[in-house]
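Okay, here we've got a single chain as structure tokens, the form predicted on its own, with questions on binding and movement later.
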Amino acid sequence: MPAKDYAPIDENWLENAGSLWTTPWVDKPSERVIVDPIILSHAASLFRKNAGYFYQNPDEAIRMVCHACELYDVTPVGHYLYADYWGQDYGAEIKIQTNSPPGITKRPIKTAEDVDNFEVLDSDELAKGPTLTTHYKALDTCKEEFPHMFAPITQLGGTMEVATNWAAIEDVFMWMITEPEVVDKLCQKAGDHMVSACKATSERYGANVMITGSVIASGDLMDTEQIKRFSFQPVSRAVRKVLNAGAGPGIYYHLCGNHTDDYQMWKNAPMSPFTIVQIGYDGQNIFPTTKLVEAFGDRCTCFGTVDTKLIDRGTPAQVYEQAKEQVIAGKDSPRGFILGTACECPTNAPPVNVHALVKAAKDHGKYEKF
């Protein structure tokens, strides 16, 4: 729908939600913890559209997300992103899908020799490429139509995520065993790409919030030494370069999946005053907020999570109880706390479950010490 077909955002809601959202970083106290269910294509379902429509229409997508934020009373930030970024810029082919985000079907790197010859694009080249052209259409719409909900976000993933958008995941994992130095080179180049992408966003908007971390590089797929070598170390180098280049200051470490054995190493990741750390799972269970706050609470804002599978297939009572436990454990974390989902809100999640998540924060997330 064009902008004229939407009802106006309530200004009083926006002011209050903005206060809740910015509390961890400004000297302005608010009442309670804010909720961020990471709404993306779920917003499309509220407007009777599918995920394919959402991702093919970034301007409409951002409108849907912003109005969904008001509907649920959650973090007032317009999001638009998906996992398979950055392939097209280097010659990959993308398949548009009806009920899920776009997916890469053909990758540019086929052999170990291709890694040596692979050249990373600079910020000017990326800014003109297909990924950021689409991404910036969403951000520009947000900045123009919802200026108080705008954040200059760059979707990166970690070095392993970028690497496996350039080369097939089965090839990368085989090289980790047979030719690990090839994966070192690939992850180094992925880190250089991350720096270029952040520079492009910073140059366009004057600031940048990078979404990085470790998704593929989790305990379900890699051992601790592999995660350290191919994810933590190259991601940390890239983040330092981004900050040193003035292409920050926002950092969002999204550690998706199981991080039981490696989460401690991320305590030493580079952080700015505007850093959020989110960890999805501890084995097969949701990562306990108590552990999250103990490890990271004195360094950054902690993002406590509710199981995404529960949001998708659980009952409102189950969602409410898990959210209650997590928010009580984290609400007075020294540098602030956000309650949300372990990964993006599933497209067709029942709205009553998202409501239950928010209700738990309203009922039990009132600050006592923070």
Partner chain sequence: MDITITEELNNTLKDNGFKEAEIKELIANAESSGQKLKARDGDISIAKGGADNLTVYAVYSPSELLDVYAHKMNIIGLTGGELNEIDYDDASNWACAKCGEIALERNVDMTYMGVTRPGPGLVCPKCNEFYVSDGVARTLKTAEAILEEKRA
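Positions refer to the first chain, counted from 1. In this text, all values refer to a predicted model and were calculated from it rather than measured experimentally.
What follows is about the form predicted together with its partner chain, which we do not show.
Exactly one of the stretches 238-246, 186-194, 107-115, 86-94 approaches its partner chain in the predicted complex with heavy atoms within 4.5 Å, and it is 238-246. Taken together, the three residues 38, 283 and 322 all stay farther than 4.5 Å from its partner chain in the predicted complex, as judged by their closest heavy atom. The partner is absent here; in the predicted complex, the one residue of 126, 81, 271, 139 having a heavy atom within 4.5 Å of its partner chain is 271. The contact residue chosen from 232, 263, 175, 150 relative to its partner chain in the predicted complex is 232, the criterion being a non-hydrogen atom within 4.5 angstroms. Mapping the unseen interface onto this chain, residue 22 counts among the residues with a heavy atom inside 4.5 Å of its partner chain in the predicted complex. Taking non-hydrogen atoms only, residue 335 approaches its partner chain to within 4.5 angstroms in the predicted complex. When contacts are judged by a 4.5 Å heavy atom cut-off, residue 143 does not count as touching its partner chain in the predicted complex. Using a 4.5 angstroms limit between non-hydrogen atoms, residue 28 touches its partner chain in the predicted complex. Residues from 123-158 do not approach its partner chain in the predicted complex: none has a non-hydrogen atom within 4.5 Å of it.
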